[in-house]
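Before any questions on binding or motion, here is one chain by itself as structure tokens, the form predicted alone.
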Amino acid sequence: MPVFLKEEDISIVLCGEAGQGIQTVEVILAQAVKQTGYHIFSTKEYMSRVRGGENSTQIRISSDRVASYVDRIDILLALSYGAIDHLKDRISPNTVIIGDPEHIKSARESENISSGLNANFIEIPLMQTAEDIGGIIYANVIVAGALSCLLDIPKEIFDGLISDMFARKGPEILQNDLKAGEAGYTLGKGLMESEENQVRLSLEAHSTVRDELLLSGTDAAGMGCLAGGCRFMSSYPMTPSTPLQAFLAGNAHDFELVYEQAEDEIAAINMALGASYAGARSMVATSGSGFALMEEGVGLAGMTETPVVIYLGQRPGPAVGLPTRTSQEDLNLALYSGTGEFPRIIFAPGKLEDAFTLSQQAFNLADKYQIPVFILSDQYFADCYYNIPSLPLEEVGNEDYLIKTTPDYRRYLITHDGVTPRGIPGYGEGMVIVDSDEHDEEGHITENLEIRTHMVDKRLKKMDHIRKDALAPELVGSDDYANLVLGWGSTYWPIREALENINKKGLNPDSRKTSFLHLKQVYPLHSSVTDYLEKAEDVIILENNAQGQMANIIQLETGLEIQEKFLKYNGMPFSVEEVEKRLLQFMGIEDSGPDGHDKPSGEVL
């Protein structure tokens, strides 16, 4: 008789085929959970196909704040024949598996499923109920209703969300979806009252959560772009950057932004550079091989000293690789893209607040130094949702670096800091001449080798000031540390939660001994990074790539080599559990095993 009662943190995973509406359930539940007053985190993994395959969405619901992916599954809602097999490595004896009788039967008969899991199966007439309402397309809303009932979500909140989501599809479909939700609540109530298969959940709701923001990494970055004064975006759709394009296109009219879906990535970045030349704060968004096509445009931005913000959603490569999975493999691509030598800045947000602030600041810095500024995101960060009290709006401050030109204006006048006051065509009496070839101070093409040297020096001189403007890393933990855990970008919350868990469990007798340093500006590095590293006795870095790209950059920038690396590159994010296990080994609290440590899939040292 499975009886499930957990009071603080529940991990629910829904798994089914592409096209079954898994993401619809995520949207309904995420809003319903927050409006009820629970903290929530959700993320997804999905295959690169429109129909079929097996996709899953994890929804963590907690009495306390949560913002990380965990391997643990407390409740699995299986919506397809292959769901249980797809997630068998994450299913434990404590997992409660709820599904249609046919799906459960298929899993029980599968040789791949451990017989020890049979005691946790609970059958509900999911597909038959959906057919009675109007078709299996309603199965997802039935599941959402059943889970909402188990979570004690008020029915009026659930019905309100259903109405908001489906009213535009017509009264008949809306009524069927409301019936599906009602049927789900009935199934949920049956599970709560069942003597044979009872399921009960208990969480503490907080009224203050209802007024908080529920955002994805994409939403936070998009709001930062709007706050930064973005006025032009041109891009070609490519996962996982497409959601940002959709966000900005959807808000274009309200923020006087022009969005252009270009015919390809080459056209996209050149359109953005053209708009920037005319004075508009401009950006592109792309991923992986799409950015590879933009590299010539990055060089053009470097030569013409044209500001542009580049949002790069990382995913596993080379080429198309795993197009819907996550990675941190494009750091080198961003750092070394474009021909020749010229300055750039690279940000990598790890939490929603940083995604907002860094995206806003990217436009200021691009304009200030007339360079490309990168925002490195990834599939995991772009697609995850969680609630936060607010965004740091008080940090928003846009700076205007455009000048009105005079008749003697020279676009590439050599100055003491390498930054020429920037004029745009039609604003003032001067001529604004640019050329993709080497040029003189006026902007005219030249092959004078002395001028060439002066122009290279002018462009690179900006780096001195860019380094002074670099953002400091965030230290989590005591200043008096001996062990330092290093991470960048989306690894922020898994590392932080793992360390907090170790301390909560009392596994680390001296919690002040180990601290976490997160890099949100990954190039150029803030000068304090060297100090932090030199102070530590032992350092470990975690990265979602196979070569330790950040560790290599740190060595280039500081001369300090990081010996210990925890690298994962199978297309999935770090889970809290695996980070916790590896950090216990790093801290000398847990045995590393006969080969140095237990190696999860995709890890190298």
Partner chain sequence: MKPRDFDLPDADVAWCPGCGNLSILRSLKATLAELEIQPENLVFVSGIGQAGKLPHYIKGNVFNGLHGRSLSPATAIKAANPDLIVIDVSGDGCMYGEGGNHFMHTIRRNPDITNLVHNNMVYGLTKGQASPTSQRDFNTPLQVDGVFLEPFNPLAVAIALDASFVARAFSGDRKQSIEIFKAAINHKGYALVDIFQPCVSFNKVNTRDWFREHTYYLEDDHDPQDRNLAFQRATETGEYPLGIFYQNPDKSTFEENLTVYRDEKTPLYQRKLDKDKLRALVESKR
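All of these numbers come straight from a predicted model, not from anything done at the bench. Positions refer to the first chain, counted from 1.
The protein also exists as the form predicted together with the partner chain; that form is not presented, and the subsequent description refers to it.
- In the predicted bound form, no heavy atom of R410 sits within 4.5 Å of the partner chain.
- Mapping the unseen interface onto this chain, L257 counts among the residues with a heavy atom inside 4.5 Å of the partner chain in the predicted bound form.
- When contacts are judged by a 4.5 Å heavy atom cut-off, R467 does not count as touching the partner chain in the predicted bound form.
- Although the partner is absent here, P237 lies well away from the partner chain in the predicted bound form, with no heavy atom inside 4.5 Å.
- The three residues Y277, E296 and G428 all sit with a heavy atom within 4.5 Å of the partner chain in the predicted bound form.
- Just one of T453, S110, S202, S436 comes within 4.5 Å of the partner chain in the predicted bound form, counting any heavy atom, and that one is S436.
- Exactly one listed residue, out of I375, M271, A139, L517, brings a non-hydrogen atom to within 4.5 Å of the partner chain in the predicted bound form: M271.
- Between 124-132, 485-493, 444-452, 179-187, the stretch whose residues reach within 4.5 angstroms of the partner chain in the predicted bound form through a non-hydrogen atom is 444-452.
- Contact annotation for 143-157: no residue has a non-hydrogen atom within 4.5 angstroms of the partner chain in the predicted bound form.
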